[in-house]
Ligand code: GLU
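Single chain ahead, written as structure tokens, the form predicted on its own.
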Amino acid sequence: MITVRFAPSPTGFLHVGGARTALFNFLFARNQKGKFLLRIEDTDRERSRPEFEKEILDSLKWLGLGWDETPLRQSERISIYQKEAEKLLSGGLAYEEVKEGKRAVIFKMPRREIALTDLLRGEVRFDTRVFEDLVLLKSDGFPTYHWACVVDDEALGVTHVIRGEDHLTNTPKQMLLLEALGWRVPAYAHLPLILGSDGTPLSKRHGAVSVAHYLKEGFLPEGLVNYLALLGWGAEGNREFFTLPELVEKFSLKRLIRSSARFDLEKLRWTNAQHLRALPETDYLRRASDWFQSENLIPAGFPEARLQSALLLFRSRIQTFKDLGVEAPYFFRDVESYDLEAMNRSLGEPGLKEKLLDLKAKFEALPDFGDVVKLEAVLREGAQKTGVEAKVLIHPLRLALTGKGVSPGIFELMKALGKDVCLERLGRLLEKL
């Protein structure tokens, strides 16, 4: 059975590079009806933290990358690594180094050429004479990365190792250890690194941060997964929108791309927007409401109906849930200031205050603001009565309701905000005129 593993170290959060590696392993395993295993490489006792491990596991769950079997934790297998090292010692393939009463075990590096047939790069050859002997067990009895990795890959029955190209020079060393123990050498595929949009190494300034950050920013897991899949894997044709089941169905190691992918935050946002719009309306509203609640962005007593109205009104205008709070803060708190340019553009009509007072009275006569057609008819009737174009009233009305010069359709906006809020804000602007 095809068996792959994702092996994060809990010394930091799960970032996009690691998430892509996990995703490609997951897609390959599910496509091949194999196993996707999780291994926690926590033998760095100084830097490993339980909060990092929890964040990594939570991030994988949020992305939908469920693993098979209970995760293997290296810190619980120290005696196994020590036992396997004794085999190399007894066979003369490793030696001890004792300092201050503490023993380290070191592998005698064979001096020859070794060939790796990488599934992505083809044959890669290494001269092991440039390698130093390899420490297997440190003086504290804990294994090094190379040794624990090899022992665990054998124990888990790993058939394919899919990881970043930064591990390429590690692979021949691990292959030699596997050969020395008479264990099967898995197939390897080393993924090109992800670069920033400017071609430099990926960093926070490119928008590439932890997976948990994207959750807090209001991204969908479907959007992030879709985008990460296309960073180094090419589907047939020019299609760019995929659900996770579709990615599983179509994924193939043969379509991995050898060149480095470039992380583009704007393209990620665009991809996320496509998934937002593809959600069924009830699912969209539920997820968005849950996100606003989890981020404590909804004032106490805020009407759920108004939040849902805002979400539906802005669905085609936002790319993440957070965008609603950025683009339309006036849904969640009173308008306390007005855009100066919008004021200059909107408030210059002679006798404007009287025209708006008349309009406000007409709006007050309506039982509610639930009928967009009726709202528009009232405004246009008022404009015609006072001899002005409708925009003369629409622009200051928009300013009153939002504090801005741009917004979605003014009548849809009035319906979403509700009668009481609209009249209160219009009255506040009139007081300032």
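Quick caveat, the model's predicted, so the values are computed rather than measured. Residue positions are given as counts along the sequence shown, with the first one as 1.
Not on display, but discussed next: the form predicted together with glutamic acid.
Looking at 145-153, 106-114, 81-89, 356-364, the stretch with residues near glutamic acid in the predicted bound form, meaning non-hydrogen atoms within 4.5 angstroms, turns out to be 145-153. Think of it this way: in the predicted bound form, glutamic acid has a heavy atom of just one of R269, R315, H167, R77 within 4.5 Å, and the residue is H167. None of the heavy atoms of H275 is located within 4.5 Å of glutamic acid in the predicted bound form. Although the partner is absent here, L426 sits far enough away that none of its heavy atoms falls within 4.5 Å of glutamic acid in the predicted bound form. In the predicted bound form, K173 stays away from glutamic acid, with no heavy atom inside 4.5 Å. Taking glutamic acid as it sits in the predicted bound form, the stretch 1-37 comes within 4.5 angstroms of it through a non-hydrogen atom at R5, A7, P8, S9.
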